[in-house]
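Shown below, as structure tokens, is a lone chain in the form predicted on its own; questions about how it binds or moves come after it.
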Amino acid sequence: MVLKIFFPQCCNRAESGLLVGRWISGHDSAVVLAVIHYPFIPAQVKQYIQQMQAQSRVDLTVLGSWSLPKDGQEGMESFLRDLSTIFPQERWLQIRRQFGKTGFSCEVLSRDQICGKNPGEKAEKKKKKSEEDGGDAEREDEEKVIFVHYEQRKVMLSQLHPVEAQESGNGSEPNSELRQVFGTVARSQPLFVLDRYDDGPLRSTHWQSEGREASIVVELLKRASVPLGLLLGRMLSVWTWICSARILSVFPLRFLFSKLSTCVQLSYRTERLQTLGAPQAAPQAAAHMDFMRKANVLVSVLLDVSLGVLLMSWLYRDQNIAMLASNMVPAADRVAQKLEELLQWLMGAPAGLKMNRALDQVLGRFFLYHIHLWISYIHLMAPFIQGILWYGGLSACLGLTFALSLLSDMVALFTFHIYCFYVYGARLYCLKIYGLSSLWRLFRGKKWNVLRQRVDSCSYDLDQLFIGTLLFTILLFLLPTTALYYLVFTLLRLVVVLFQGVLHLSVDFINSFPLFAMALRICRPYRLAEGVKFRVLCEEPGTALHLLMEINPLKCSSVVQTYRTPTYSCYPRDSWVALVKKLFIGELIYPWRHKTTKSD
């Protein structure tokens, strides 16, 4: 079997020393994490590895030796070979970089060779034999070793997807070689703290060997975020206590808060902010998803508040609120005027249709009376509209989603008369449709069995058939007039619902879009990895095969699907076929509902 050695690119020019890493269980491969430079004391190396094992919970060990020939170090290679007896392993790797070559040569010593009386002599004989055979034996041994070079920092910060597959029993390949490599590098962060410029007893080479300026900045940011987190936690606890007051659970208030989009958005924002103070999950995969969820929530809230502040700066500048308030009443008057003209047209001969004169006049005057009531209400509220807009605009400081939710509630309030017209027309039309269907079953000698929920045969007498025929004729001839009013007001209602649906979808998009994850995908695509790809890095005679492992970033669609924040998400209740069926039979439809709302 081919031995694969995952070697960090930062260690290609490291000084001679010991290779620290881990053997991948279940696979014939090893991961090199760092190179401890000479001089060192073996007892200190063992103690250091034990400390790193306790901190990282990774089965670290000394894999072998690394030799980079330099002037004055002619006996270094034999010295490093002798260390295999001090650090006993099943296999000991002797990796050497030769002069004038990019590739490495690797010699794998087994336990028998390590425990032999004179391993140096055996190695010298093997070397002479390879020279006599023209290097065939050496090439035969080196063909069994493949070096896979990887960028240690990118692999440490990357997260393979799907994330659930990293936990045992949750994924299809929990023990795959690639996932163990990524997990080993990610959990070995304590090993990368040791810097070669420190005054400690050991010097090592890894991705952070050139300094820790970035780590210092990150640590300072973490410490600065602690007071802010405590303040946010206090504010959330106070707000949660207010929301849990008993007075808010009274039926009228509870029903009102469940119907207002602003209150629903406020409860959702409170729930999302509470997740920021939740304790971090313990497993690695769960911790990653928890961190991404919190980061997405925090970034979306900051973006939402920023957009809300921009909206406030526009509203409270150049008397824009006064302009909106002054234009709102004339706009309501124009809408009412158009509705009156529409009703007058329906009360005549719309599109040349001959309607039932009596029913047409009754319905038209009924709806005209409601329009006059609504206009009177608007003019009564006109002096308070500017104040309502001024105080309502302050909700934008909580975010653009609150302003959009408040706008949706205001649209629902100012178009309440259109909703009433739709309900009246739909109920009247639905009553006639169900009456006609019942009377049609009467003509065929059928009836609806309520208990068995099916149509059964039934015998009717002459009086029942006469009354049924009379009612069927009346309802049939009155149906076109009712259907016309129902059609017109349903179209008006759908226009309002479409506008509210756009507002709700905008709020849902801002709340659920994983902005932080998408920014990582664009700026640092290696952070979210879908897999890896390999390309030949070096293939020189006399050296092992060298491959370069590159990270394939996760697709943008997969990023949105994986890290999308769940929301209350307004969505159509039924399919389009069911929706058209409800429109045809006159049932009330609420295409934009909350998931927590029960069906009628």
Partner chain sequence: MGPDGAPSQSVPWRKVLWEWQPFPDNYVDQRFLEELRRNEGIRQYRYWAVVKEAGFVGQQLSCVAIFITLWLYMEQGLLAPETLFWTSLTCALLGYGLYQALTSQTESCSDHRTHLADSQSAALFLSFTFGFSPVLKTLTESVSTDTVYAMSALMLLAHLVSFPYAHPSPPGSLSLNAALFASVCLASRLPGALHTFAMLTCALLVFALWPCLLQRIRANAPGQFTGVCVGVCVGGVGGLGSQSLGGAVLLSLALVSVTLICPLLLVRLQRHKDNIHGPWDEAEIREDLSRFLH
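Residue numbers count along the first chain shown, from 1. Note that the coordinates shown come from a computational prediction; the quantities given were computed from them, not determined experimentally.
There is another form of the same protein, the form predicted together with its partner chain; it is not shown, and what comes next is about it.
Although the partner is absent from this view, Asp463 contacts its partner chain in the predicted bound form, with a non-hydrogen atom inside 4.5 angstroms.
Taking non-hydrogen atoms only, Phe443 approaches its partner chain to within 4.5 angstroms in the predicted bound form. The closest non-hydrogen atom of Leu394 lies beyond 4.5 Å of its partner chain in the predicted bound form. In the predicted bound form, its partner chain sits beyond 4.5 Å of every heavy atom of Ser438.
Note that among 306 to 314, 496 to 504, 474 to 482, 152 to 160, the stretch whose heavy atoms approach its partner chain to within 4.5 Å in the predicted bound form is 474 to 482.
For the residues Leu256, Ile467, Ala349, Val329, the 4.5 Å heavy atom test against its partner chain in the predicted bound form is passed only by Ile467. When you look in the predicted bound form, the only residue of Met355, Ala336, Ile418, Val299 with a non-hydrogen atom within 4.5 Å of its partner chain is Met355.
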